[in-house]
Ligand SMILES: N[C@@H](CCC(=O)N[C@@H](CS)C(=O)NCC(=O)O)C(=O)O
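Only one chain is shown below, in structure tokens, and it's the form predicted on its own.
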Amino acid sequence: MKPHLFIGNRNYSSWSLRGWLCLRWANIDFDETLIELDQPGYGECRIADVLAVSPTGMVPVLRLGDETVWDTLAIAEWAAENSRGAPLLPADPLARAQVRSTVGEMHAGFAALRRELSMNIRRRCRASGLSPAAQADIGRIDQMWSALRERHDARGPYLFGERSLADAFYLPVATRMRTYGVTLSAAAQAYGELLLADADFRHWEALVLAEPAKPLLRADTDKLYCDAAGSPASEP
């Protein structure tokens, strides 16, 4: 029986994208089911269709036969341990710990960035009036990306040279920077563009663009940085 991944709306669900990328990059053959998130219980982990498959009421969730893996970090680790392609974690224990540190920082942090620059692959606008906390999050991401690229450049174009779980966890951040016209340093910008050119992400993005545009009514995601008429305040 194939692993079965349950995801949310592709345009908005950054954690679904992370789990999906890890499985794709690991060359794991899996089935997937998309669950509409814009329904009663959104934002409260009480969507009935999600609770039917996930004990936390959140996606993504991975079913492995009769067993369930319900956190993106756990899904990523399972993908790395069962990869049928290039390894997604380094063989060296110290390097592996550093990748996990980077992944863990994304998993647990950047709350202001998530709140003020939510993932919205379709949109193009320019963020304004960001809080000091969101600006600090952007600065930390820029510094991290630039420093890791400089350190590992000789080994490849990704954060740790070769592609790893860290790149899957920061790819949705790259979409946010593009969506909201955020200016990064040259090295960080180049790394973000590399992620956005990834073939698997381009497939995900194509699926987003093939769907009829449908605003997320239970959140303000599509209203961020719009003028009084409801149009994006400015184009990047």
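Everything quoted here is computed from the prediction, not taken from an experiment. We number the residues from 1 along the sequence you see.
The protein also exists as the form predicted together with this ligand; that form is not presented, and the subsequent description refers to it.
Looking at this ligand in the predicted complex, residues 121, 175 and 180 place no heavy atom within 4.5 Å of it. With this ligand omitted here, the record of contacts in the predicted complex names 53-61 of 193-201, 22-30, 53-61, 180-188, defined by a heavy atom within 4.5 Å. Contact between residue 45 and this ligand in the predicted complex is found at the 4.5 Å heavy atom cutoff.
Residue contact check for residue 171: none of its heavy atoms lie within 4.5 Å of this ligand in the predicted complex. Within this chain, residue 107 lines the site of this ligand in the predicted complex, having a heavy atom no more than 4.5 Å away. Contact check for residue 72: a heavy atom falls within 4.5 Å of this ligand in the predicted complex.
Residues of 3-23 placing a heavy atom within 4.5 Å of this ligand in the predicted complex, in sequence order: 13, 14, 15.
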